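Here you get one chain, nothing else, as structure tokens; it is the form predicted on its own.
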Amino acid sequence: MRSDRVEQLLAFYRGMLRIRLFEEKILDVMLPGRMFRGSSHLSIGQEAVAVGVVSALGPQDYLITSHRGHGHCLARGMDMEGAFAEIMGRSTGVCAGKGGSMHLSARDLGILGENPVVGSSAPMAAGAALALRMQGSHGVVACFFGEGAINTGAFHEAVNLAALWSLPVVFVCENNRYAISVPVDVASARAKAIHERALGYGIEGHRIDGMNVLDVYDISMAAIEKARREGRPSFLVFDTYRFVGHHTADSEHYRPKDEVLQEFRAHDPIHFVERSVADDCIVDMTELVRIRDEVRAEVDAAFARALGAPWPSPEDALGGAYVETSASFTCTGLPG
């Protein structure tokens, strides 16, 4: 009988594969076929952070993410067909085709949305956490952003406020080494210790291997439960790497091709799971092949259904612009 940890690892493997194959479909099929307008920011290589962190969230929790947020949304349970359709601009998309690749959201899943403005997710997360606290909820907000965002004023103000008011936010930095084309050591002082910025706010900061999904999950679970229990924020920095460009039109002139290949071979988070189960002989490799085939079939089917979905009608552009509600809200006072 397999242990719970092995079953958990296989669940993580499936979750990471869903993200990887979803985004490979965007890169290999949708992009050449011009099935969407503009660019799309893929997280190929960063799947362990998405799956590890989001798996530690409870049903009452929320997440808010950046322009590179497909993986976080899928890990939270977003409908894959709806995500494909949204990126294509079809009416069956999760936002009725109005948001596109960088604005996926699903309120029923606690996905407050992607935000393409660098650093913007941090103050929004602090605001959401404040709302939860004022409502008497035990919910926690996971806030995702890249290492480029930590040099914005919005990030500093949000973390400072969250620390000052003891708000239940877990600030999750996905350090993939490049803010668009700028290496982290060029843009950030003490680049190898950016997690120590937490000391300036009086909160916990940790640096973790973001390619090891088990380590990601364990530290995230501890941080989320502490935020739930004590109402305090924390700052998690995950060392990760994207195997593709900053966006789908990126020429990647700023980094050598052999760097990407070397990182892929040595640190691919999906290969990490495959090596782990193979080395320990805890799972037959045929089971991993079966999981991969099942996920590929799921992705192909979702893509085909989305591709056959109707386009929005012109009058649909006028709907959903404003909230229609008769509810009244009362402010019970701010902290401090």
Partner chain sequence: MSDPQAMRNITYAQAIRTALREEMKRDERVVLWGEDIGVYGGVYGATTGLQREFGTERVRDTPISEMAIVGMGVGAALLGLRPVVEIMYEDFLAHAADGVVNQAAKWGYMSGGQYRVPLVVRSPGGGGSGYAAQHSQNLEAWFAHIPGLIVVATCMPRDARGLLKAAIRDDNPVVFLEHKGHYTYKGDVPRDEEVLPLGKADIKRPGRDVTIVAWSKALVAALSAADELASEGIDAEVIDPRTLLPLDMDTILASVGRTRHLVVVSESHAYCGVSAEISAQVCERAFGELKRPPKRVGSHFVPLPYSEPMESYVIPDAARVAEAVRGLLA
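A quick note: this is a predicted structure, and the numbers were derived from the prediction, not measured. Residue numbers count along the first chain shown, from 1.
Another form exists, predicted in complex with the partner chain; not displayed. Remarks below refer to it.
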Please determine whether residue 15 contacts the partner chain in the model of the complex, using a 4.5 Å cut-off between heavy atoms. no
4.5 Å heavy atom contact, residue 174 and the partner chain in the model of the complex
no
- prompt: Does the partner chain come within 4.5 Å of any heavy atom of residue 318 in the model of the complex?
  reply: yes
Checklist line | Contact test in the model of the complex: residue 165 vs the partner chain, heavy atoms, 4.5 Å | finding: no
I have 8, 229 and 232 flagged as a candidate spot, so tell me whether each of them has a non-hydrogen atom within 4.5 Å of the partner chain in the model of the complex. no
Partner contact check in the model of the complex: of 88-96, 134-142, 209-217, 232-240, the stretch with a heavy atom within 4.5 Å of the partner chain is 88-96
In the model of the complex, the residue from 221, 117, 199, 261 with a non-hydrogen atom within 4.5 Å of the partner chain is 117
Near the partner chain in the model of the complex, with a heavy atom at 4.5 Å or closer, the residues from 245-269 are 250, 251, 253, 254
